[in-house]
Every structure is written in structure tokens, then in C-alpha cells.
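Single chain ahead, by itself, as C-alpha cells, in the form predicted on its own.
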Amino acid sequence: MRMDAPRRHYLMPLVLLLGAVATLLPIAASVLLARQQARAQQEQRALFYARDVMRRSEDTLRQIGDAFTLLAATPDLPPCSLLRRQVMQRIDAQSSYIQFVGRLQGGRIVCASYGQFEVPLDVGKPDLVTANGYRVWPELRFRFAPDKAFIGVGNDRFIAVIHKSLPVDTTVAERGVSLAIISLAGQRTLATRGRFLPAWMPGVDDLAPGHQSTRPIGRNIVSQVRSQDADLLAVVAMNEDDYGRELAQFARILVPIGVFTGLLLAYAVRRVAKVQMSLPAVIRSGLRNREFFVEFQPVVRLEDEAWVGAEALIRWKRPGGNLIRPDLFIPAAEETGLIHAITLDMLRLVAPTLTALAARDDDAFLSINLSRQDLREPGLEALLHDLVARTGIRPAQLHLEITERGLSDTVHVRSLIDRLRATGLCVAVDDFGTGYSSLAELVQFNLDVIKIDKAFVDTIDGTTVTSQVAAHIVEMAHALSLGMIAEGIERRSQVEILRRWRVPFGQGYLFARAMGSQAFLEGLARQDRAAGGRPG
């Protein structure tokens, strides 16, 4: 049946209207969803940073409490005895956050781990007293470092000193992020990074212990995390200006596109998904698309600076060519349980290089990093043994690096390390001094090597309080007959000191930056030719 002209006249506008609505509604819904996801993502990042600030603060308090317990058990006659100073030195070497500890008398520090002061350091009366009885000095300055601010935490006999910036010295990926750690005793900020507005200061009863909150305050997204055991609260604020500009520009692009074709609409939705995709989802995509690759940081023998092996370092390049920093994607992978999948990709990627090393007639080795999650995987040993068998490498040429936090499950990890070493694999503890263990605790594990963290190597040719920490680590490592690799060597003066301390191996930009497999193998070949043949 044919439709008459008047009915066609009224139907055409209706069809156009329905077509316009059908086109614009998905665009409007996509923009609304994009706003919600953008806000949720911003809140998630703010909360992540606040939790990290609180973790650093609670770890610092834990180390201070352990230090005070150890000092209280030491005879106090006289207060600055050699035994007392030795205990303080051991605390300095074992603590990753404490700058130094000292003996208090009458509001003055009369001695510390590095000696007795001729003129005691005056700290005066504490500004705060916490619920658990700690005295707090939020703004200490000392004559030996007049341009540096410190926080002091003490009791009636001892004081622990940390850098004022330490609690908020966390890595952030955005500009304009404000961080603070607050003592609820007296509503006082202990440390801040960026600006801090009074409106962000919570009330004493706003949050229960162990709880957290994220909400908009003014033009900022503010996350607050309260400690479970201490009267501390971490605050992180992220500015909404960049967020608003991004969404405004996004809408100006999306709305005109929506009136055209479905292809352009699909393109706009794809942009929304791309902008709002969470980092764990991107990691999964990167693993599927094999976007990860490996670089090799040579390890040298400090005696003659010959390459003896390398550490395999995982890297990530997105399809557009952007490199994602490991300090961003590794913590995210650990938090979301994806780190083992990255380790599996690492084992696949290093296999050709291991095969090439197996063809040599020397002991050149390759080290790979294992996470806490890797150590709990039941199939780890089979994977490593299969890698050795497939590549033909000798087990001693495969080194496994475990962080100090990976040693926390003492019974399980100790048994695992014993089994791995029984098959000839070499086991090292990575970044020593930045985690939770001490060299004394490492006696429980049958380890081969400790890697001295760059943070300590950086100070060995300086005059700061921490410049002696590396020396203490080396001395105790010799006493425990542990091999050593010093990380992050950048200056010739560091090499001379490490040689004098009899540290056998090192790595750092002074010798070589991380490189591809081919460049690493060619470097070994050049070294062979210069030596007149491969070393036996």
C-alpha cells in the first residue's frame, strides 16, 4: 500500500527526530559514563597514594618502636657507652627509614650512633604527645645540616630522627598532587608535599581507626586514610582543573562526531575506553599483545671492570611508542596479582639470551627478579628447571633475585630457597636495606648474594649521617660470608671505596646502561677478543 503525501510529510520529521535521538543518546550516555569512570579513576589513584603515605609512616613507626625496645634492653650505665653506640649503629644499618637514633637527656641529644657530641643537640620540649606516649618534634633542625628539616619521635630516654620529607616521598604520576601526614594529637601536620588547605584537615572523630574516605572538597578530590594503631592520618588531594579541561575538550570532540556516522561514533567510544581504561586492564592487554621486552644491565667485576653477567630488566612499550616506567606498572601488577604473568613473560623473553650464554665456555650469568607472588606459585620450581633444561644453561649461571619483602614468609621461602640452591641455582636478596629484614635475620636463609641498594651506594663518598650505612652492611656481609653486588654505581670515587671494602661486583651507569640482548652479547664477545679468547 502506498502512503499518501500528507502522512509522508509528518512521518519524515519524526524519522529524522528519532534518528537524531538514536544517535545522540549513546553519545550522551558515553560522555556520562566517561565522567563517572574518570572520577572513579581519580579517586582510586588518590586513595592509592594515601595508602602508600600511610604505609611508609606506619613502617617508620614500627622501626622506631623496635629500635626503642632494643635500646631499652641495653644497659644504660653510662648512657653513651660503647655498647650503647654499637647498638645504635646496628639500628641505623638495619633501618630503612630511621636517619639516626640518639640518647635524650634534659631535652638534648647527648650522643648518637656515630658518637658522643661535644655540644649536645638541643631539641627542646616536644610539640606533641601521641596517644601511645610518643613525644614528637615535627620541625627539628641541626647545626650539621641547617638546610634540612627533620622529624623527631622519642620517649623519655631515646629519640629517633627521620627526614621530614620521608613520609610523603612517594612516587606520583601526576602533577599538582598534594600529600600530607597528620598527627591527630593536636591536629598537626607532620610533613607535607605541595600545598595543604585547612579544609582538608579532618576532625578527630571523622574517621574511625583503620577507615578511609575519598570525596570532593572544593575543586579537589581528597582521600584520607587513618591508621589502625597510631593516631596518624594520611591526606592526598588531586586538583580537578586538569580533569575538567580534559572532559570539556572530550565533549567538544564527541558531540559533533555523534551526528555523523556510526563509524565516527564507534571511534569516539573507543577513545572513551582508551582514556578510561584502568592500568591493570592495560597490563593484561600488553601481555596479550607481547608489548613487554627485556633489557640487560651488565654486572662487572670491580677488580678489573670486566663484565661477568647481567640483570634482566622488564620493560614495557605501548603501541604508540610510549614507555611505561617500571615503578608505575610493577606495583600495580603486584597489587592486582598480575606480576606472576609478567614473570612468565620474562622467562620466555630471556630464554634466547640464556641459550647464547650456554654456548660460551665461561661462567657469565643472568639474573632475574622474582616477586612475592612468584614465590607462592606452586609451579615455580618446575618453570625454572624447564628453563634451564631448554636453554642448556648451567644452573649456577641463572641467578634469582628476591626482595626483602619476599622473605617475610620465612618457613615457606626458606624451604624453597634450599630446594632451588640444591639444584645449583644462585639466590640473591635484591635492594638490601630498603625492606623489612636485617642482615642478622638473613642468617635464617641459605643465600648466596646480597645486592646493596643504590640509596646506600650513593652516600659512600659523602659526609652525611647515612654515609656509613653501606660500610656497616659490607662489614656484616663479610662476617656472614655473603657475596655482594653494589647497585647504582655512577662515580669513580664509589668504585675506589668499594674496592677498598672488598666488594667484588657492581653495576651502574658508570660501566654501562641497560641494553638489548644483542648489544650485551656483542659486548661479551668484544671483551673476549680483547682478552685474547674467552676466559675459562
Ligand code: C2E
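None of these values were measured; they are calculated from a predicted model. Heads up: residue numbers just count along the shown sequence, starting at 1.
Below: the form predicted together with the named molecule, not depicted.
If contact means any heavy atom within 4.5 Å, which of 215-223, 144-152, 411-419, 306-314 contacts the named molecule in the predicted bound form? Contact-bearing stretch, as computed: 306-314.
Contact residue in the predicted bound form, from Ile489, Met484, Met54, Ile64 (heavy atom within 4.5 Å of the named molecule): It is Ile489 that has a heavy atom within 4.5 Å of the partner.
Thr130, Gln89, Gln297, Thr459 - the one with a heavy atom within 4.5 Å of the named molecule in the predicted bound form: Contact with the named molecule in the predicted bound form is made by Gln297 alone.
Just to confirm, Ile339 within 4.5 Å of the named molecule in the predicted bound form by heavy atoms? Ile339 belongs to the contact set for the named molecule.
Could you tell me if Glu401 has a non-hydrogen atom within 4.5 Å of the named molecule in the predicted bound form? Glu401 belongs to the contact set for the named molecule.
Answer yes if any heavy atom of Ile330 is within 4.5 Å of a heavy atom of the named molecule in the predicted bound form; otherwise answer no. Heavy-atom contact with the named molecule at 4.5 Å: present for Ile330.
Would you please decide whether Asp448 lies within 4.5 angstroms of the named molecule in the predicted bound form, comparing each non-hydrogen atom pair? Although the named molecule is absent here, Asp448 would stay clear of it in the predicted bound form, with no heavy atoms inside 4.5 Å.
Contact at Ser371, Lys454 and Tyr509 by the named molecule in the predicted bound form, all three, heavy atom at most 4.5 Å: Answer is yes for this spot.
Can you list, in sequence order, the residues from 213-237 that come within 4.5 Å of the named molecule in the predicted bound form, counting heavy atoms only? If the 4.5 Å heavy-atom criterion is applied to the named molecule in the predicted bound form, 213-237 yields nothing.
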